[in-house]
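Coming up is one lone chain in structure tokens, specifically the form predicted on its own.
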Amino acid sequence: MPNVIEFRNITKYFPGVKALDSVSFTARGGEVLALMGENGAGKSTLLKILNGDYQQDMGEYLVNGQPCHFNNPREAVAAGIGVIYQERQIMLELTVGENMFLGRLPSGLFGRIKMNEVHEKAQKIIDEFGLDMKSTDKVKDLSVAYQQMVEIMKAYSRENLKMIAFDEPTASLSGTEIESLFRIIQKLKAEGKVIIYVSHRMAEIRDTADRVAIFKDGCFVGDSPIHEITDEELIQKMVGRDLGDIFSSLDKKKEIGEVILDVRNLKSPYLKEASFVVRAGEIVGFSGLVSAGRTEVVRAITGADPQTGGEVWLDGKKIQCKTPHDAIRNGIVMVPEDRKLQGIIPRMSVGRNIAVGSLDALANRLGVINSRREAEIGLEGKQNFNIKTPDLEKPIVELSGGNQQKAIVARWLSTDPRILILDEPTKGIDIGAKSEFYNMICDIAKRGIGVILISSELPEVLGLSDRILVMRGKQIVGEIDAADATEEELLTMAMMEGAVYG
């Protein structure tokens, strides 16, 4: 029999915020239910309540007609509930198999773990997913995408699984891995499992979901079979307004000045070669397949990876950044792809996360921080970038992904940089927040800052960039003015045999 999960009047308060307001709906087995809504609409909060991470203030949820209350994730797992969060929750030092069966490792005489059995079971699941990894591989040695797949396989391996929820599962995956995930989702659907799917990618929702439930400002505003609602109707319900063509409505009028950044034959252990320039007020987009080398270019520029050849010139002067701190002091700053591990300082307040990029200027010779100026920088960032938080003392980890990203941008803009690097800046951000980000990026370029934009979304690269560089095989293989480019041309330049655009 298909499983059923029913939410009844779920309400959740945080200090100064009503995160969920009497949310009621039903998720049924045998179908894929997509949750859609802007960042901060309440989707992730609801999943955390179901998983026992949070406790609701009012309301209840029923699993197969039985009222449940999970005090922690362990209780949820025991009841057959699996939630795959966007942030990875795995043990990097353990093997793939150990991660998959952690907490239920088979043991024999004297409690000794049967590792052969663990790896045998795990390898069968890996082969079913069609992934090029071994159960004995250490998770720390895997790519971010494969680490995410380990999370998914861990939930899939549970024999008592009744429901599985995915929160932005494809954000780090390539085309082949996404296909594998969708195939497994269809298998779980056929077995009558409840499948809840959170994504901001409209095409992905269309391909995967049977029904969509829409959230706005902590409220459930309705659901619909996916084939009975248009993209425009979805957006209107999510954001309360018609966004129209996001890119055509952008004000991109600006002056493009002289060359600020001149990269000549740059090489690193992870980059074959890259040469390009960025001008004042110019947005230079980097396009290409997953692992084409886009991030490796900017890591070599900023000193995150060692530079083994070539030169970097900034404002006519040769520079060499051996560390990211060198890059910051030279006026080159970067908003990284992995917001959780490389962007935010999770337990630190919103205000200090913004001001931390300016510590050199805030500290005196004895290292004492000017707390008044620190608070001013935090407040300026909150106001200038419309960061939604009840106060600047709130831990940044409690904000939505979009507001965390705004805080990181505010941090680096407070240092008055010459070059701003944005690596997948709208990853995991809803369409309403994306529109706000796009306007923000255009405004930054108007200030005369050179912007390097790395994105796996072709419409984003085309809609924001003035000029686009295409990478393949760890080197730049093409350049084209954005006004003259099409998705087909970019794909033609980027494609390699058997590769899928990421």
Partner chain sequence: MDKRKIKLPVSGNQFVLIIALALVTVIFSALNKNYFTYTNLINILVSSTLIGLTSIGITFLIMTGGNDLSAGSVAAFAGVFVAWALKATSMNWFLIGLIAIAISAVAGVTNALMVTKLNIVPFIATLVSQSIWRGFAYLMCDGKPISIADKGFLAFGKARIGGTEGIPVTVILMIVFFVIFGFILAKTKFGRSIFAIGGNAEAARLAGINANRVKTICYVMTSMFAALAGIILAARMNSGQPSASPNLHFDAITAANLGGVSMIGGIGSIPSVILGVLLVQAFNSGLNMVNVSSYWQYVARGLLLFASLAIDFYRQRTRAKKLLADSMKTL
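Residue numbers count along the first chain shown, from 1. Just so you know, these numbers come straight off a predicted model, no measurement behind them. For clarity, a rigid core is taken as the largest C-alpha set superposing within 1.5 Å between two forms.
Quick note: we don't show the form predicted together with the partner chain, though the next part is all about it.
> Based on heavy atom distances of at most 4.5 Å to the partner chain in the model of the complex, which listed stretch, 227-235, 131-139, 368-376, 418-426, is the contact stretch?
Result for this chain: 368-376.
> Can you work out which of R347, K253, K317, R74 has a heavy atom no more than 4.5 Å from the partner chain in the model of the complex?
Going through each option in turn, the one that passes is R347.
> Heavy atom within 4.5 Å of the partner chain in the model of the complex: which of L105, M91, L359, M202 fits that? Just give me the one.
It is L359 that has a heavy atom within 4.5 Å of the partner.
> Is I164 close to the partner chain in the model of the complex, meaning a heavy atom pair under 4.5 Å apart or at it?
It does not: once the partner chain is placed as it appears in the model of the complex, I164 has no heavy atom within 4.5 Å of it.
> Give a yes or no for I480: in the model of the complex, does one of its heavy atoms lie within 4.5 Å of a heavy atom belonging to the partner chain?
Close contact is absent here: in the model of the complex, I480 is far from the partner chain, nothing within 4.5 Å, heavy atoms only.
> M334 versus the partner chain, in the model of the complex: is there a non-hydrogen atom within 4.5 Å?
Output for M334 is yes: heavy atoms within 4.5 Å of the partner chain.
> Any of the heavy atoms of S143 lying within 4.5 Å of the partner chain in the model of the complex?
Output for S143 is no: heavy atoms all beyond 4.5 Å of the partner chain.
> Enumerate the residues of 377-397 that have a non-hydrogen atom within 4.5 Å of the partner chain in the model of the complex, in sequence order, or give none.
P395, V397 sit within 4.5 Å of the partner.
> For a quick test of reading the superposition: does M440 move by 2 Å or more at the CA between the shown form and the other one, rigid core aligned?
No; that C-alpha moves by less than 2 Å between the shown form and the other one.
> Using the core for the fit, does the CA position of D57 change by 2 Å or more between the shown form and the other one?
Indeed, D57 is displaced by 2 Å or more.
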